[in-house]
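Take a look at this single chain in structure tokens; it is the form predicted on its own.
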Amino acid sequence: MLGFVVKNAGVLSLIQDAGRYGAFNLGLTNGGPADALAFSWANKLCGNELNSIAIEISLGGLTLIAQIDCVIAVTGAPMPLTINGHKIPLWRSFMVQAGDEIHFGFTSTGVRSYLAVQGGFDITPTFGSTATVCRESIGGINGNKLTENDILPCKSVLQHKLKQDIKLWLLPEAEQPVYSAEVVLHTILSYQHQQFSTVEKRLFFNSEYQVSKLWDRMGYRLDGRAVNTDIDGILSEGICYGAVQIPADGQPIVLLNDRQTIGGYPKIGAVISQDCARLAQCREGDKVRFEPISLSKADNLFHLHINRFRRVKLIECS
């Protein structure tokens, strides 16, 4: 089956679907898109199911050669995107033809972009998902990041349509996320929060942190005021998406998609999923602040987030 040939794999390009669930008992983490909102918009712009496979491009550098005529969409961090050397805007779908060269430059704002193709990529799932987790050598193509000369087969639907029947879509500019070097992480107090004094919690929520040089899809280690607790460690337990670990040095670690499934550091709480996606678009030196939120308010924000996504009307392109 034809699709795309990887001419240059870039810094880190990964096959991702919505994530691998139900395999924690096997020690397999979720994986999936670090920025779920941008991932979902890429698929929606292509008319795909929201769980359809896409490519997550970190920082940039990916170059693909199309083997077929198809419709693609690119969302996320503002990486300079060109087709055969011509600049192409993000947050919209457009046609490419067999032989076209799709190139991503390097972004100076944000970290991750997403490329979806109409009909989806045709990748065999492992343990119920195609999400790539390199540490576990699972998902994607041979459990690894994309490499030069990889073939990415896709289920193009253009062969069944006349050109004039193909609809292309644009996300209104007002709905396009703006990626900032400063983010607020709404955090639910949970796990071992009672092991942190009232003073420590107030200081934690009133301190500014910076993203350290240690950040990846597993988690973001932050630099700033050390957080103190009255315990050094706990029995290992399951770790949720967004959990805020406090290791021995007191510097918070926010755990993301490729986190380990269990761990023994005390955790002061968990960051809501929408803000984890915003954090995943940050890089070294960006500023982070935590803000407490109740479970009920977090639930309300999640449903408002989902409903807003569903209500947005795409604009048909000529």
Partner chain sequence: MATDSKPIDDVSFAEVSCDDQTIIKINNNISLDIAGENALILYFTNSSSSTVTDLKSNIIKEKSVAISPAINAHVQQAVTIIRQHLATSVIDLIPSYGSILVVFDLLTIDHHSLRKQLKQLLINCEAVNNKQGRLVELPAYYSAESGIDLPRIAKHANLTVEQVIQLHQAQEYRVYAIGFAPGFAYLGEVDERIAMPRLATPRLKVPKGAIAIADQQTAVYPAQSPGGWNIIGLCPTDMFNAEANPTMPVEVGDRVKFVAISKQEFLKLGGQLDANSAEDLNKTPEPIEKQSKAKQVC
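Residue numbers count along the first chain shown, from 1. The structure displayed is predicted, hence computed values, not measured ones.
There is another form of the same protein, the form predicted together with the partner chain; it is not shown, and what comes next is about it.
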Problem - the partner chain in the predicted complex reached by all of Phe205, Arg278 and Lys297, non-hydrogen atom within 4.5 Å - result: yes
Handout entry: Partner-proximal stretch of 93 to 101, 116 to 124, 229 to 237, 77 to 85 relative to the partner chain in the predicted complex, 4.5 angstroms, heavy atom
Key = 229 to 237
Practice task
Indicate whether Leu255 is a 4.5 Å heavy atom neighbour of the partner chain in the predicted complex.
Solution key: no
Exercise for the section: Examine Arg225 and determine whether its closest non-hydrogen atom to the partner chain in the predicted complex is within 4.5 angstroms. Expected result: no
Exercise for the section: Using the partner position in the predicted complex, report whether Ala270 sits within 4.5 Å of the partner chain, counting heavy atoms only. Expected result: yes
Practice task
Report whether the minimum heavy atom distance between Ala36 and the partner chain in the predicted complex is within 4.5 Å.
Solution key: no
Problem - The single option of Leu146, Leu171, Ile188, Cys154 touching the partner chain in the predicted complex, heavy atom within 4.5 Å - result: Ile188
Practice task
Can you tell me which bits of 34 to 65 touch the partner chain in the predicted complex, meaning any heavy atom within 4.5 Å?
Solution key: Leu59
